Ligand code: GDG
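The form predicted alone is given below as one chain in structure tokens.
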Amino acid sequence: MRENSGRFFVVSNRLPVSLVCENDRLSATAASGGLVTALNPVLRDRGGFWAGWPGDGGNAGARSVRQVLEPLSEERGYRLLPVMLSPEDVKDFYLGFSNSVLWPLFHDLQSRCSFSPSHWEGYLRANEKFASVVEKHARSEDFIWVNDYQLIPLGAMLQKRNPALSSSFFLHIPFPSVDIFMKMPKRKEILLFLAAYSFVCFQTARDRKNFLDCLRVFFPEMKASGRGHITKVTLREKTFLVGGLPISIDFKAFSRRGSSREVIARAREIRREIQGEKFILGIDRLDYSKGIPEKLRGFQRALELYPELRERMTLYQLVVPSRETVEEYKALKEEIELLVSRINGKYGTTRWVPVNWRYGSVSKEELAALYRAADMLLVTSLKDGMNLVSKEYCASKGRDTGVLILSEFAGAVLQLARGAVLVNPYDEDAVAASLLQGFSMEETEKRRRMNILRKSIARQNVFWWVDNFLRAASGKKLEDFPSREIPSLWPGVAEEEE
């Protein structure tokens, strides 16, 4: 491939690794989350860039950060570019506008929004820092792929700095309907920032429709044309594309890991450790959008309505830490702990603990073993862009059967509805009934449903997602970005970033 040919250039709020400084020593741990799970196998050894904030450890200084990231870049086969943010940036940009305005509003939880003008100013200030890093390293022929709600203004800022830099955007969370979106300050500015990208893509056709409806309300002069997954939009003499494509996982990798001898052995151990005939699994990041209290109340209602399930069905809930310094998340953790205590206190016996829960992270192998061991996965999101946990569960099952109970408000429902048991997480009786249905389901029916789910996820895997995104955004395919050595920093850039 020619030296001046285009490279992958991914930009996200966080790097796929997180830096931590302990005892004056800087170290890196692999980050978790849907974006990392999806894009890490795509970028591996393709010699591109991934720019993002390295976490609180980034305060150690640019030189120290680069010393840690350099060997990790060599190991992964793409360069990790840190964007250095101050504590004030994190407060106003990340905790402020991103997660006190955009996150709750886009999840239809506008009552949880907290807007301050300083949050908006910090949001723009931090995005300018991202734009500065990207501009220094990007070339006009690179495929610049900006990800998620934290970086909505980035495309317009790059265009202003260098009109030759074109970028595409993927929103990993839902996009709200007009009546919800109208309540947000700076709503027109957000729409115009999105319109600055050459391609704007959402998780589902419903999210894409909501975005187009908002454009029509606030910019009646806009024109839209096209059928299928891609719509061409013209607004203020600029034309851009809008699409809807569900993000996915590396199905083969999860299937391989779930079928390994070590994982199957550990799954058997887990089954022996957890009491009861049926093992229900819940895996969620600590966030109010995930509906963890609703899940616990639905499980409690099942034990109340169907006494025959007592001592025969156990819920294991893994809660992955998130935003631990935010008071609202501390309160959510306390609510979960109280609910678990009440359920176990009311229904537990000397032989059986109804709810086992763990607050923390687990290894990929332990996660695969949990998926493999679980008879059911219970997903009760109040609103979710996609929910990759549901796909990981199905991919990890191998020849085993299992039941996916999936919230009607997860983006994954549009793809997985035929094989899943769908539930309204706000309805405790409905959650209870879904658990009874999963408990009582015949093996042949479970196998039929799981086959449907696995085939769908295998067909529309992460590489399908990337290929379709690239094709819509640039007319290229994933194979047009072959393996290559990671790029060196531009001359003078390292010195400038000191």
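Remember, it's a predicted structure, so these values are computed and weren't measured experimentally. Numbering starts at 1 and follows the sequence shown.
Same protein, other form: the form predicted together with GDP-alpha-D-glucose (GDG), not shown, and the subject of what follows.
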message = I'd like to know if Arg372 sits close to GDP-alpha-D-glucose (GDG) in the predicted complex, meaning any non-hydrogen atom pair within 4.5 angstroms.
response = no
| query | Taking 4.5 angstroms as the cut-off for heavy atoms, does Val389 touch GDP-alpha-D-glucose (GDG) in the predicted complex? | reply | yes
Even though GDP-alpha-D-glucose (GDG) is not shown here, does Trp103 get within 4.5 Å of it in the predicted complex, heavy atoms only? yes
*asked:* Can you tell me whether Ser32 touches GDP-alpha-D-glucose (GDG)? I mean in the predicted complex, with a 4.5 angstroms heavy atom cut-off.
replied: yes
Note: GDP-alpha-D-glucose (GDG) not shown here; in the predicted complex, the stretch from 261 to 269, 295 to 303, 424 to 432, 281 to 289 having heavy atoms within 4.5 Å of it is 281 to 289
Students should find that, of Ser396, Gln203, Ser167, Ser407, the residue having a non-hydrogen atom no more than 4.5 angstroms from GDP-alpha-D-glucose (GDG) in the predicted complex is Gln203
Interface check vs GDP-alpha-D-glucose (GDG) in the predicted complex: of Arg79, His172, Arg208, His119, the one with a heavy atom inside 4.5 Å is His172
**Prompt:** With the partner absent here, would Thr37, Ser361 and Asp384 each sit within 4.5 Å of GDP-alpha-D-glucose (GDG) in the predicted complex, counting heavy atoms only?
**Reply:** yes
Near GDP-alpha-D-glucose (GDG) in the predicted complex, with a heavy atom at 4.5 Å or closer, the residues from 306 to 327 are Leu318, Val320
